[in-house]
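Consider the single chain below, provided in structure tokens and representing the form predicted on its own.
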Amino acid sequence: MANDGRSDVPLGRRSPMATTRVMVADRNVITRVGIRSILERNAGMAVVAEATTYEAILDAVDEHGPDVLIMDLDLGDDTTRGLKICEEITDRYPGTKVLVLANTLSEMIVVEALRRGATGYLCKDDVKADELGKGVKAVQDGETVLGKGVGSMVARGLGSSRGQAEHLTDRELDVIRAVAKGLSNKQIAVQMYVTESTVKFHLQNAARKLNTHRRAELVHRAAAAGLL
């Protein structure tokens, strides 16, 4: 709740007069300024920190202890890293709720972000100013907030067959990236210090999850989902 802020964060940095302390992680300065302007129209809300890189997010969350982190998963064109940051924030700082504010919608990314701890997912092009403020307050209070079209997308992702509902592991993504570089199974095995059979195992699992049997299509679908 709003009054249960992190006790280890110095009061001077916690904006003690604010009941909802927000951090914004986005590489676009206009977006950051816009979010700040929108949110600080709401009584009790304050943007206490900003970040433009993945590296800066953890340090800023640790220092300022925001109640809500609004983040774009693509701070450096690496959605998988953004997802890992989301998971790490959730694990290390459970008092900070994560609200994803994305440029585009991808069923796989939406479901994966929620699986890794995000409690809200909105699309920049669809969210209105008043909806953003309400969404921040809702996730702070422990609710799940899904933007226009996101709810049905999540339902499809969670209601699909077992193979489609499962998600790519970090190891499977590493193998797909290697395939995208044109490496053979043998070369991938050497690079990852595993056997060729292990590489084949990861490829088979990834292919099943993405519903394809061709290496090129596997790479294409992973890329289309923003995972490469």
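Since this is a predicted model, take the numbers as computed values, not measurements. Each form is matched to the other, and the largest set of C-alpha atoms that superpose within 1.5 Å is called the rigid core. In case it trips you up, residue 1 is the first one in the sequence shown, and so on.
Below: the form predicted together with a further copy of the same chain, not depicted.
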| item | value |
| --- | --- |
| One stretch from 125 to 133, 108 to 116, 138 to 146, 83 to 91 that, in the predicted bound form, holds residues within 4.5 Å of a further copy of the same chain by heavy atom | 125 to 133 |
| Single option in Ile57, Leu183, Leu203, Leu173 placed near a further copy of the same chain in the predicted bound form, where near means a heavy atom within 4.5 Å | Leu183 |
| Residue among Thr195, Thr31, Gln191, Thr169 with a heavy atom within 4.5 Å of a further copy of the same chain in the predicted bound form | Thr31 |
| 4.5 angstroms heavy atom contact with a further copy of the same chain in the predicted bound form for Val150 | no |
| 4.5 Å heavy atom contact, Val219 and a further copy of the same chain in the predicted bound form | yes |
| Partner contact for Leu101 in the predicted bound form: a further copy of the same chain, 4.5 angstroms, heavy atom | yes |
| Residue contact check: Ile35 to a further copy of the same chain in the predicted bound form, 4.5 Å heavy atom | yes |
| Did Ile176 shift 2 Å or more between this form and the one not shown, C-alpha, core superposed | yes |
| Yes/no, Lys186 Cα shift of 2 Å or more between this form and the one not shown with rigid core fixed | yes |
